[in-house]
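Encoded as structure tokens, the following chain is the form predicted alone, with no partner shown.
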Amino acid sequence: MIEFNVEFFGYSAAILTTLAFLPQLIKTIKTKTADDVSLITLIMFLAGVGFWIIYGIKISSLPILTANLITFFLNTLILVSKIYFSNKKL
């Protein structure tokens, strides 16, 4: 049986979960709308990611910290886009 380094799973999870938000961000920017994205879900998710960032700092986990910092940034862009594009419709 092949033995994997546990960090492999941490970095793999970090890459996949972080990149999962890129298509939504691209779609939001291209269509100039984020009506299909729930504001409450974004806010709750950003709060959770913020806690993951604190946790990653406290346990000195580079995969957790890096992934969640990038995820926080991408989702903040989605949130800002949602608010910006919603206000342009008014």
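For the two forms, the rigid core is made up of the largest set of C-alpha atoms that agree within 1.5 Å on superposition. Only a predicted model underlies this, so the values are computations on that prediction, with no experimental measurement involved. Numbering starts at 1 and follows the sequence shown.
This protein has a second form, the form predicted together with a further copy of the same chain, left out of what is shown; the following refers to that one.
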*Mind checking whether each of T76, V80 and Y84 has a heavy atom within 4.5 Å of a further copy of the same chain in the predicted bound form?*
no
*asked:* Quick check on I70: any heavy atom within 4.5 Å of a further copy of the same chain in the predicted bound form?
replied: no
_Distance check, T17 to a further copy of the same chain in the predicted bound form, heavy atom within 4.5 Å_ = yes
*For L62, is any heavy atom within 4.5 Å of a further copy of the same chain in the predicted bound form, or not?*
no
*Even though a further copy of the same chain is not shown here, does S12 get within 4.5 Å of it in the predicted bound form, heavy atoms only?*
yes
*in the predicted bound form, which residues of 42-81 put a heavy atom within 4.5 Å of a further copy of the same chain?*
M44, F45, A47, G48, V49, F51, W52, I54, Y55, K58, I59
_Shift of Y11 between the shown form and the other one at or above 2 Å (CA, core fit)_ = yes
